[in-house]
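As structure tokens, one chain now follows by itself in the form predicted alone.
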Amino acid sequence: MKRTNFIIMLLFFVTSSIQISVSQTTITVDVKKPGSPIQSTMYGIFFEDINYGADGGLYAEMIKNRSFEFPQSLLGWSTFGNVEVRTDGAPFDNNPHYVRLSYAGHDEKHTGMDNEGFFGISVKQNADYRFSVWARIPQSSTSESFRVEFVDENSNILASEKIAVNSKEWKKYQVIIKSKKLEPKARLRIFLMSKKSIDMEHVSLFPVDTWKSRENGLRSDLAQALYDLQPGVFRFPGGCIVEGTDLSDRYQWKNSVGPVENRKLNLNRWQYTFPYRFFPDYYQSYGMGFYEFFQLSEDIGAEPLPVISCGLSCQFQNHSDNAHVAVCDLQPYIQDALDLIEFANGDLTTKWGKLRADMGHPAPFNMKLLAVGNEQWGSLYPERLEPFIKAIRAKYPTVQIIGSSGPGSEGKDFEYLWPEMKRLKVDLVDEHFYRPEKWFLDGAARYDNYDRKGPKVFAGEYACHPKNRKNNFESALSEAAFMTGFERNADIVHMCTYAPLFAHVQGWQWRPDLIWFDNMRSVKSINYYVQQLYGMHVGTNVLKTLSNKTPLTGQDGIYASSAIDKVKNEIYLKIANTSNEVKKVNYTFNGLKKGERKGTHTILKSDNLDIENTLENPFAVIPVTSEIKVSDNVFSVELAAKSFNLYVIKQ
């Protein structure tokens, strides 16, 4: 072979390899004919009290076992001197226990108690904390006093305030306490200063800086993170905790409303579900109850979506019909559902509407959605769901009812329940899937061929679960690719919510989770940013997005969908490149007028699929946004390998 010919052939192969490594995809977006409406509820959030998501997490109370109602009455407390737990004459009937602090018997001895909080009590330097307690003097006296202190791990005093108790009747006392320095693992100490006894109940500590500055408030950084997602729907109070291991442990919304001091403690089934992550001090104080859930929904602009028990305890944990309520005995459960709607929407002349008003919200919460049951399956579920539907439709015909397709994304239970949900004419069917990366990548076309005449879809719990159960970049990219299928099928998919929402780094039972935190800091996972990019760019209508007349559901590693916002006059292009190569994409817009337009490009990318955002490195992978220009109706881009991209184009 001559040298010249060899060089020509070599150049040919080099050129060919370059062309192969930067392959091209042509995408047509039909702007002229906007498609199906996209529901404002499309992207939302789901809260369950798992991983210390409520007490010790979003709910800003810092005292563990504040009313001494844990089965071990002083769990979370260390006492010294003369401390007695009593139940006679307590101020709150649902919380009958209180403590009596009495003279230690010698002037040089002391009586008091320390609270450990949730994995410690974290206090910031010069920040204000509101201590409160219900107290009384049980003996004849004009005034007795005690000190409340922050102490560090070595018992050094960080702050101290004196409180005088001046009544034989139970009264609420409070004081603002401020630490001299930052201390991640402080304790709260109560120190009796008198020789006569003081009774105490509902010992409480909140940062003054709560979300919306509410006294029974939420942790500011965690609530703000929810607001920043711009969710359209908020599902609460959980999944499995709604069922309970036993029906006695199920979440009962009526126990979670009314004065916070009189809300009844409930066992949390996540305390013991995983023995390798066992937390014997994990209970539900109900301090963040249904009123607070509705209030938070309103604060963050999301439609409230309560989940209620259908009379079935957790079927994973119970294999006998005796563990469930018989169909003929369901009336109290059905009445709870009707009363909940009245609590949310009733006027001031109704019993439960008046309670809502008395709690501080005279206006209705305007609840439109209600889920009956969680991950139930088999014939036990539809035969219990049916009487709920009949009763709710009769009294509240505009409330949309959500049924379940069981605990899995396919299989016999799933295949049995979907026809049953159609027969019962529920409005939406709740699908749950916690699956590996490949399932998500292979499933982008999942909803393309769903029956358009039946109920709509609510993907109520989903998350990509890699083998190491991390919130790594690969899981986030897989979810981003899959979610193009949600958007493309917005005529059938009306809502979706990632799960779980929160996890304490020291107290988790389940992972991955959307937002991680310790007592002082929080970090948004890479998965969070995927949810946020979708939630902030919902649009009003789907735009048909095709390549070779076919939706992009993984061909050559590309996943794409598009939407238009008729109100903002913006076009949203969402496109994921899951391959290891740079991809050139040529967009053509049918129906877009000629002229130069401004826009932005936001990208999430990483060369390390296993990387994750952590408390120590919270910004390892975050969205990066830059400005772009689009000329006429043609737009060419190069997609980085392993990247999720959002293009916002002004019309």
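Since the structure is predicted, the reported quantities are computational estimates derived from the model, not experimental observations. Note that residue numbering begins at 1 and tracks the sequence as displayed.
One more form of this protein exists, namely the form predicted in complex with a small molecule; it is left out here, but the text below deals with it.
- Heavy atoms within 4.5 Å of the small molecule in the predicted complex are found in one stretch of 219 to 227, 352 to 360, 486 to 494, 499 to 507, which is 499 to 507.
- Contact between Pro382 and the small molecule in the predicted complex is not found at the 4.5 Å heavy atom cutoff.
- Asn374 belongs to the set of residues with a heavy atom inside 4.5 Å of the small molecule in the predicted complex.
- Contact annotation: Tyr534 falls outside 4.5 Å of the small molecule in the predicted complex, judged by heavy atom distances.
- Heavy atoms of Gly239 reach within 4.5 Å of the small molecule in the predicted complex, making it an interface residue.
- Of the listed positions (Tyr52, Phe589, Phe46, Phe68), a single one reaches within 4.5 angstroms of the small molecule by any non-hydrogen atom in the predicted complex, namely Phe46.
- Residue Glu461 is the only one of Asp249, Glu342, Glu461, Glu303 with a heavy atom lying within 4.5 Å of the small molecule in the predicted complex.
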